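Only one chain is included here, represented as structure tokens and corresponding to the form predicted on its own.
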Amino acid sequence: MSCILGLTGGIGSGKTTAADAFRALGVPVVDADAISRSLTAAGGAALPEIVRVFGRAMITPEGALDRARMREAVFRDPDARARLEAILHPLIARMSEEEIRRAAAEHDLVVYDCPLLLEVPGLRERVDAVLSIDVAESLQVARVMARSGLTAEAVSRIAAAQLPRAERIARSDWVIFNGGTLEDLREAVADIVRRLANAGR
């Protein structure tokens, strides 16, 4: 039986880099964010309901979700966030489950990369264990500012809307503190893959 490892972490933690490290070791990664983007791209399955709930102003001229406008709307209005999540989360969960099932049929270890793994009801129960990528808040802010051009205030606001760092750590089975080099992170990922492989023998 395959082990399904949930991968999570706050913005700027290095979760995406960790996912790439798993892929480099031959471990399949099911990416909830990529699924979400496919649902909200031009022609995506979530768009008709998003238009019905939020209006066509949230759609770009190319026919995709205007992610920047929607991001601003949901951070200003918790009710808007709840309405968007009610549209997206069931679709993401269903598509994720299908991808995980296909990958698990061929691999002993499958990673489910999901930022909201510990926040959305029912998701934690879909995985066998949780790995969180953790980082100090100061480094988190600096990394996101460098890659996105957002202000420190904007990054902190996004981070504050996510699960508190201490709670995420407490609810995880494995934690990698990503405060070192890229090679440190890759080695930590490789160590977890080795441990899980040995546990399954």
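A quick note: this is a predicted structure, and the numbers were derived from the prediction, not measured. Numbering starts at 1 and runs along the sequence shown.
One more form of this protein, predicted together with a small molecule, exists but is not displayed; see below.
Shown without its partner, this chain lists 171, 165, 143, 69 as candidates; in the model of the complex, only 143 has a non-hydrogen atom within 4.5 angstroms of the small molecule. Using a 4.5 Å cutoff between non-hydrogen atoms, residue 185 counts as a contact of the small molecule in the model of the complex.
For residue 157, no non-hydrogen atom is located within 4.5 Å of the small molecule in the model of the complex, even though that partner is not displayed. Contact annotation for residue 52: none of its heavy atoms lies within 4.5 Å of the small molecule in the model of the complex. The closest heavy atom approach of residue 147 to the small molecule in the model of the complex falls within 4.5 Å.
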